[in-house]
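Below: one protein chain in two forms, given as structure tokens, structure 1 then structure 2.
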Structure 1
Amino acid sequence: MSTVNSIEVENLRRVFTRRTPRKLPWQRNRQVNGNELCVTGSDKSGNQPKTTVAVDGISFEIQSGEIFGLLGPNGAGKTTTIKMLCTLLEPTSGTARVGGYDIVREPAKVRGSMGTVFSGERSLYWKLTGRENLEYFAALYDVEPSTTASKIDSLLSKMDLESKSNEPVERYSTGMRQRLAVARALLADPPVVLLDEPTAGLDPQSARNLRDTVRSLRDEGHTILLTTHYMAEADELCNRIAIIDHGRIIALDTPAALKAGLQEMHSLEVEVDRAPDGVLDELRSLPLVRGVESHASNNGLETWTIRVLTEDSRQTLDALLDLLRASGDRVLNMKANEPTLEDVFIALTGKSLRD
């Protein structure tokens, strides 16, 4: 394995198997025989194991010192991949190394090489202060006691939490808790940091500050594996991006190169006064359309935005307006844009990252 790569994944696969619970006697098929009700045997087909391929032979490398984005819609296999790299799940087949350590044969060394921050995870003790949390986890991570105090002071300063360090975490804002969770992940100075949706639920200023923190971690030499639902954030931060769908890597390149692949495409945005439920399938069936998605507009109003990726913006716009008029939707605003990373995602997966 090359020393210039912090993470190397080869043909990683994870299959989940489950059996249908055996039916209880009163749940089995019953047949009437004369005046008697007789219980027949259980349905054998109902007890056959069912398998789901969550990750289907993916391979990629993450270079030391880069920010690598792993993007995928819900159910694409992203979370399963992350859990395997963190040693929370064993792969069904394939191999992966983190910091040069095999995730199956050397799980303890992998965990020592990686700091993790999971979205929505309550990984802090809210009744303890910020400093007490870091002291507890420093002991848990076997941080050298003689350096613990100075390391905690440095991390509190880095995360701009010095003035609140002696307050209980339950009084922290969401952004402060997220920064403290990042500080916790950095206590053992891991070469690799995994950030799962680090800015989810944060206000714009807190999200901006956390993105600055991610960039500073890269500048300090950390390798960052980042997942996010914000395409603009991935475009801004990531050196390279892998898009995963149905358990497979379907694209891997720099954001600029991925967008360059859509040079012949056009992106249309149309804002309407209600959810366009009856129009989207008809739009997708148009011959020049390569992707369609819609979402509630982020403007505080009950309006919706339709985003269309097409090979011919003029022809598609005419067809789109005709469809909206026929369905009774009122057009409030429309514009044409250069293709973005979100358009790349829609073109490849047929859906938005929000789906």
Structure 2
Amino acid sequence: MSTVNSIEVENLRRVFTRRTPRKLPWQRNRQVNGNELCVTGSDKSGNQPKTTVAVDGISFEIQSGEIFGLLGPNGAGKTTTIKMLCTLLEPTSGTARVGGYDIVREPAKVRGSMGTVFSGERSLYWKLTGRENLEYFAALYDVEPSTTASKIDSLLSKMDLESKSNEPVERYSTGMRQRLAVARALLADPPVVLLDEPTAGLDPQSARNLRDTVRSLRDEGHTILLTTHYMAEADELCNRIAIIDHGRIIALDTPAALKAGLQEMHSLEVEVDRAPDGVLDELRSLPLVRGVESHASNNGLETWTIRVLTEDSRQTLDALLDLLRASGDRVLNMKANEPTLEDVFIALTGKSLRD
């Protein structure tokens, strides 16, 4: 593979305008009254358009033969980016090229040079069998008719679906549907494959298998863009990762380089006996602390874990414990970790990917 770019994204931006859902007359009245109470003097129409900036001027390049990950929390703009690249959604501004074709000016050529796997399992015909689904889409992708049958057979066996190929998709498990969707994306042997949250909803074993499949696709020469909100997945799978939050790319590098940037940092994990909402802001304002987040410990006991990213744990630790005790939290456990991609995210945004 040469080092040509398969995907080039330049300052891509997408704004959604939408009206707030219509209200019944008496509901609208109530809202107007509320506004008057606020005395802010804002206008009274309860139905003005709202704008959401889903993708806010992102740029990146994906080289041929690489697995590129878009990592970000819910609502970060991952799906919106994918939809613009696969020509379902027009960008508000900016440009992108897939396989050298402009997504706005040459949409048909873009569609011909990529396969897309959407998140969720509704993208297939549930009343058709797996094979019928593939036959149908092979016609739409205009796969050479004489080789269609053998192509479908080989994809079914590659995705481990042969035994179920003649059963309707409604009888498939989530993992099988996801594999069928991947098979469909590969029908035309496209140079570029887009995968939107390919492992969402899969059990750990199926997710692992799917990651193996993605790797084998890369080894066969496909260029892959995938989105995920699992850091471990991005870390394990991707050659390069763009971390995206609120529609902006806040970091872009190899997983190793992203973590190396935090080499001098320490990640402290403190387990406490109750939800520590009150002290988090105080913790954030401690000197040298770069990010704080907390989540339920997930250990069956009703405890919470606070994660603190600091430039020097020796200097932070004492103040941290003081603060916690002062607020009445009981410290149950504590450890220091190597920084992970999650910490990268915390360091960059001050919050967790889970939020």
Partner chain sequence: MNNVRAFWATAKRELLIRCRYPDWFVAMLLWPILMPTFTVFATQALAGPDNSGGEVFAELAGTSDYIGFVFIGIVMWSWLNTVLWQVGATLRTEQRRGTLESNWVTPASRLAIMFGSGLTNMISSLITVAVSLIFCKLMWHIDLTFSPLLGLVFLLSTAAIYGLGLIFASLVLLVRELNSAVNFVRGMFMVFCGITYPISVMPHWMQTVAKGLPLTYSIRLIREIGLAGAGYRDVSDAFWILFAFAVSLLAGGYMLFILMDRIAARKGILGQY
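What you see is a predicted model; the values in this text were computed from it and never measured. Quick note, the numbers are simply positions in structure 1, starting from 1. C-alpha atoms forming the largest set that superposes within 1.5 Å between two forms make up the rigid core.
- Structure 2, not structure 1, represents the form predicted in complex with its partner chain.
- Put the two forms on the same core and the Cα of G57 is off by 2 Å or more between structure 1 and structure 2.
- If you fit the rigid core between structure 1 and structure 2, you'll see the Cα of F68 move by less than 2 angstroms.
- In the core-superposed comparison between structure 1 and structure 2, R248 has its Cα shifted by at least 2 Å.
- After superposition on the rigid core, the Cα atom of T316 is displaced by 4.0 Å between structure 1 and structure 2.
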